[in-house]
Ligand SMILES: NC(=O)c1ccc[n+]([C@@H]2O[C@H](COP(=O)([O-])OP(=O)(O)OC[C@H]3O[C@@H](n4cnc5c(N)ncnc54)[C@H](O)[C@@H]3O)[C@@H](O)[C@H]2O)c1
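A lone chain, given as structure tokens: the form predicted alone.
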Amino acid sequence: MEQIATFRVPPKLITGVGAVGSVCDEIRELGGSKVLVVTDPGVAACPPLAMLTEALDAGGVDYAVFDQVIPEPPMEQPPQCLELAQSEGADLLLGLGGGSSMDVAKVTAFLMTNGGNPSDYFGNELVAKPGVPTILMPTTAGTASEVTNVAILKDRGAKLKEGIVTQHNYCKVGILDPRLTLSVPTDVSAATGMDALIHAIECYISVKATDMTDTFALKAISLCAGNLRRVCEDGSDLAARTKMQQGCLIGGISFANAGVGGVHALSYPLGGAYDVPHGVANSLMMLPVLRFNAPACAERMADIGVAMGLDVAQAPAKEGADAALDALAELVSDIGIPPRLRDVGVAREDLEAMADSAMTVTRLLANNPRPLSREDALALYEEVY
């Protein structure tokens, strides 16, 4: 008998070339009178912010900009954003950027109505009241934060990334215009694209997967695996950018409901202690963790191979799973992701502490198709070191 499952998505998603043009209508529909745009310095210096502010100016929308979000944002950032939001009298937050900017916007929004500090809300469903409305506009095809109920912040003291999971993190409107991704550098496109692909893979093999999430996950795998190389070869290819954004979006819908597992759990210490970009950290841990998981989910791994376009539909499950793993290894190599932990500055003497940290990410480890112990985590770090 199939498990009882809940399936959630944001109330409205607007997608396609030119979608930025709808932003003023959405702000008015949500009753916003002063918008705070939350972004990072890189996006602020690139076309996406100019495209947005041009639309806001044309629509007569009053706004201010917080452009200080940093990658892997620490928990001190939302209070900084909150200070500006309050001083400007903002009643709607618009997250423009990658996952970091969208997550800071999410947390700031609920701090405005709930008070306290971000650390008060680390965990599941600890936010009592809805925040001010949020509109999220991704500029990368990676985190899919625009469709998830999760916000991730770094605890610098613990050298670990922490999750705030609450239904109040869902945005009111997600606006996805692939033109916003055209200026993303190749290395960022590679890392964020792998993040999107790994989301879809991990939720497909999650113990919480359902028929609903499977449908989204397999399509996302097909779109991401089929277009990531092209995006990295020619970032101006709008058709490929569009398909990558669609793959990221629907993969995010899937993982927001089925969850991700061991790959993400073991990647968290890399971001927390070494500031390794999230997509790179996931890519480094993907192959060892998936190889570890394969005996427990060979048929599903073979399905992933089929979704990637491999001719393994009639092959034995193990053969199909092995082919999928080989294809993923080739993809990571082709787009230039570093292959070893030592390539991103990890010290061997830190592997023990990383294994300890990974074991605290119980929210994600609970979704893994095969139980993963502290000894397993250490062995997987050693394997990829």
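These numbers come from a predicted model, not from an experiment. Just count from 1 along the sequence shown to find any residue number.
The same protein also has a form predicted together with the ligand, omitted here; what follows describes it.
- Checking 112-120, 78-86, 190-198, 291-299 against the ligand in the model of the complex, the stretch whose residues place heavy atoms within 4.5 Å of it is 190-198.
- With the partner removed from view, the residue among 215, 186, 222, 183 that has a non-hydrogen atom within 4.5 Å of the ligand in the model of the complex turns out to be 183.
- Checked against the ligand in the model of the complex, the residues 245, 206, 108, 148 give one hit for a heavy atom within 4.5 Å, which is 148.
- When contacts are judged by a 4.5 Å heavy atom cut-off, residue 306 does not count as touching the ligand in the model of the complex.
- Although the partner is absent here, residue 42 sits close enough that one of its heavy atoms falls within 4.5 Å of the ligand in the model of the complex.
- The ligand is not shown here, but in the model of the complex it comes within 4.5 Å of a heavy atom of residue 139.
- Taking the partner from elsewhere, residue 341 is found to have every heavy atom lying beyond 4.5 Å of the ligand in the model of the complex.
- Contact residues in stretch 61-87 (any heavy atom within 4.5 Å of the ligand, taken in the model of the complex) are 71, 72, 73.
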